[in-house]
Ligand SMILES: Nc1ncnc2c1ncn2[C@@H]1O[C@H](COP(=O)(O)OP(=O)(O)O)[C@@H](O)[C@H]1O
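What follows is a single chain, given as structure tokens, in the form predicted alone.
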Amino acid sequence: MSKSLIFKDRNKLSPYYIPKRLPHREQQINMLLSIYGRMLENIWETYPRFIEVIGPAGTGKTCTTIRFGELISEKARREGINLQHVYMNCKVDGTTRYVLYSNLVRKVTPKISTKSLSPEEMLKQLIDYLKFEEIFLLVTFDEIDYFVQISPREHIVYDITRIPEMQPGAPIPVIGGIFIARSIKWHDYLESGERSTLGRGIIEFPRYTSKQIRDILADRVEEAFQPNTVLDETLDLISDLTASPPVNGDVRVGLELLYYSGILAENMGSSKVTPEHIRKVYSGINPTITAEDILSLDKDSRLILLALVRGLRASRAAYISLRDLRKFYNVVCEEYHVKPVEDFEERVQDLIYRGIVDMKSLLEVGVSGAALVDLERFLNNLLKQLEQIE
């Protein structure tokens, strides 16, 4: 394969890539370090601290928390302390206590079998293991607002914040928990006791401004593109588009615009990524649904979304009924040779909770976050790639 004239390392534009430097999030990292870093001074005598990281989509909450986890673990190691930061995404790692805690234990150690344990027993065995091995643990629960909406009876906040009460008077090797959400509205789904033990430790992540977005994208351009490939005017345009409605500062969208504009420039034989490439990519989408959103779904939910897109295109309406959606879904399942899921309505509700699907009424749903043609093409290509892998 010949060397790309545009890209140096396109993986640096992935939403899953965590850069070493996070422009305009130094304050949030320092706040986290000031809270948990001081606990290292007398680690066995500290009590867990529970912090909320709050901000709209695409404001760097996940990147910042994961990077902080790396920094606090390195700091602990230099002081002779074995500290693990474990990142849990509640959309991916489980929407029940049992599955979530099982995955938490698995990420910490393979030495504990969770097959016959209750959620409470998993936590107890995990704490016993940490104490025996002299390992300290800090856990981040991302998408906690999604979890409490879809599983309101699974009181994980109660479990986690009351870990010290499992062994009263004894030192606890869990130094804290970080809960990431888009707003504090998730408190509405908590019981009063949970809200009380959670406390009010909140670190806010405001939307990025156009200038801040430009700084972030400039860093990524240096890592991802060949030198002098992306024009200054191109960065200016992406930054302005990303900072304005409907994107509203979601830097993930800015990264996707950079990526797909680079692909377009490459396919057109251009040696530069120009503002015109940005305009062509942006005109085809209303980018409030990102590739990351789609990739976080399992195959059955993607098929339901594909069925919804086809149903909306066929009806030329803003919404279709659940009954019509089910018909299109059955056709899509036949096309992809899979059996329709039994929990169809629950999966539609999940897509609504994720913000991918809009609900007009209890019986009508639609999609407003992306152009239907582009979304259908993306889903079709994704499903074909998955078929090849499987």
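From 1 onward, residues are counted along the sequence shown. Bear in mind the structure is a predicted one, so any value in this text is a computation, not a measurement.
What comes next is about the form predicted together with this ligand, which does not appear here.
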query: In the model of the complex, Ile72 touching this ligand (heavy atom, 4.5 Å); finding: no
query: Close approach of Lys61 to this ligand in the model of the complex, 4.5 Å, heavy atom; finding: yes
query: Close approach of Leu198 to this ligand in the model of the complex, 4.5 Å, heavy atom; finding: no
query: Distance check, Pro15 to this ligand in the model of the complex, heavy atom within 4.5 Å; finding: yes
query: Which of 22-30, 324-332, 352-360, 35-43 sits within 4.5 Å of this ligand in the model of the complex, heavy atom basis; finding: 22-30
query: Listed residue that, although this ligand is not shown, lies within 4.5 Å of it in the model of the complex (heavy atoms), from Val273, Met88, Ala243, Ile216; finding: Ile216
query: Interface residue in the model of the complex among Arg302, Arg310, Arg97, Arg220, criterion: non-hydrogen atom within 4.5 angstroms of this ligand; finding: Arg220
query: Within 4.5 Å of this ligand in the model of the complex: residues from 237-269 (heavy atom criterion); finding: Val251, Arg252, Leu255
